[in-house]
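Next up is one chain by itself, shown in structure tokens, the form predicted alone.
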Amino acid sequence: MIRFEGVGKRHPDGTVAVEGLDLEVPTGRITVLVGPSGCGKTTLLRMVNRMVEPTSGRVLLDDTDVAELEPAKLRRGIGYVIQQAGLFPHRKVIDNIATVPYLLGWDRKKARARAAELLELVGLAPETAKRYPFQLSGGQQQRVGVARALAADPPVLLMDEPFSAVDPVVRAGLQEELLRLQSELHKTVLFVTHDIEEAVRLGDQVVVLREHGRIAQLADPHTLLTSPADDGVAAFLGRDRGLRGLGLRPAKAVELRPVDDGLRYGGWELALDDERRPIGWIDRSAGTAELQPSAGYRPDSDTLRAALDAAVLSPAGVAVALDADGRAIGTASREAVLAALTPAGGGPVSVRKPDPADAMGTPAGADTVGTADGADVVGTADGADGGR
């Protein structure tokens, strides 16, 4: 566990970066620091590995004041991932990953074997080991950076806006990869970002900071989105915070209309191939056979946000539920998705941590989406004409 006790940082010119912060970062969980630029996020992160020294208070790592530890030794025992990966351009990928094991005195064979294991762990092909950083994409470089941080199996991982320099698609993939790794490795992660969507997707607990590192709110993602501490936090979260909350809840809560019950919604009909994979929607009322794209989601792994997005994108207003092989297993209208937001649809269980013990209460109903209001929505969820 990492603990900040009355931590402050005042620069020689009198500027206060952090003032009197108290915070606990739980063992084996992801804690995200989020807030506007200049609020002290990175300063706090770097206090843990002594890249920044506090001017007051102390930082404890498993009840040991880090100020009592030799900086180089401390840093070798903490994984550190930064925005641009920070790889050594003159070293091959495998030797970049093996950097800390080399510093710890591991022999070359053992260090490279560990690096090869980590390449696979972060989803990179074995041939990547022989390349240089300039031969990799930005997303691949960030994966190498994560692998390097994990090379000596440190219990603590510090991540300073590690995914902010890549495009949105790659960023989403890297976030998913981090969650997968964390489900296997259970590291104590302190993660810095300015992106509230990234914060609520990744964090077990989210710390919203104000100027001088003051804590505006510390909460789990669901509580943060549904119950902001004050107007300032609500403004920072944005007007679409209810929609972000959909990303914390599993799509399996949506009641499906089985494919065998028919594929007609009003004038629209879903066309399937011989393997029951969706081909597209046909507007029978138009008298043509022109296909319109269908949008699908995976109930076993996607969130309510993905299900609602699929329904909104569909010309019929209906999302297609798919199995792992892309075959249609059912359909869900927008109303059916919204019905899953009501208390009967289940609590806000995170799709990445589906343990019922982690459920955080009952959703806020109309506050969450703004339209899910009970019977008015549920009443059309399972009728053949309920898709529009």
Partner chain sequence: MDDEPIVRWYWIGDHLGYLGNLLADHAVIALVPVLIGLLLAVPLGLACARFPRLYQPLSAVFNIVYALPSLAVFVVLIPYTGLATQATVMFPLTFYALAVLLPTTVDGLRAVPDSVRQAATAMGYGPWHRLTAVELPAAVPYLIAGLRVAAVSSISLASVGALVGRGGLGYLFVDGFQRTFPTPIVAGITLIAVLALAVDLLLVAARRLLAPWAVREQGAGS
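Positions refer to the first chain, counted from 1. In this text, all values refer to a predicted model and were calculated from it rather than measured experimentally.
What comes next is about the form predicted in complex with the partner chain, which is not displayed.
**Report entry** Partner-facing stretch of 132 to 140, 187 to 195, 112 to 120, 166 to 174, counted where any non-hydrogen atom is within 4.5 angstroms of the partner chain in the predicted complex
**Finding:** Of the stretches listed, the one contacting the partner is 132 to 140.
Requested in this report: Give a yes or no on whether each residue among Q292, V312 and V318 has a heavy atom within 4.5 Å of the partner chain in the predicted complex.
Outcome: No, because Q292, V312 and V318 lack any heavy atom that approaches the partner chain to within 4.5 Å in the predicted complex.
Query raised in the report: For Q84, is any heavy atom within 4.5 Å of the partner chain in the predicted complex, or not?
Result: Flag for Q84 set to yes.
Query raised in the report: Is R327 close to the partner chain in the predicted complex, meaning a heavy atom pair under 4.5 Å apart or at it?
Result: No - in the predicted complex, heavy atoms of R327 and the partner chain never come within 4.5 Å of each other.
Query raised in the report: Is I78 a contact residue for the partner chain in the predicted complex, using a 4.5 Å heavy atom cut-off?
Result: I78: yes, in contact with the partner chain in the predicted complex.
Query raised in the report: With the partner left out of view, is Q182 within 4.5 angstroms of the partner chain in the predicted complex by any non-hydrogen atom?
Result: Outside the cut-off, so no.
Query raised in the report: Among R264, R214, R276, R91, which has any heavy atom within 4.5 Å of the partner chain in the predicted complex?
Result: In short, R91.
Query raised in the report: Which one of L243, A219, L103, V259 is close to the partner chain in the predicted complex, taking close to mean a heavy atom within 4.5 Å?
Result: By the 4.5 Å heavy-atom cutoff, the listed residue in contact is L103.
**Report entry** Residues in 50 to 64 close to the partner chain in the predicted complex, defined by a heavy atom within 4.5 Å, in order
**Finding:** Residue within 4.5 Å: M51, and no other.
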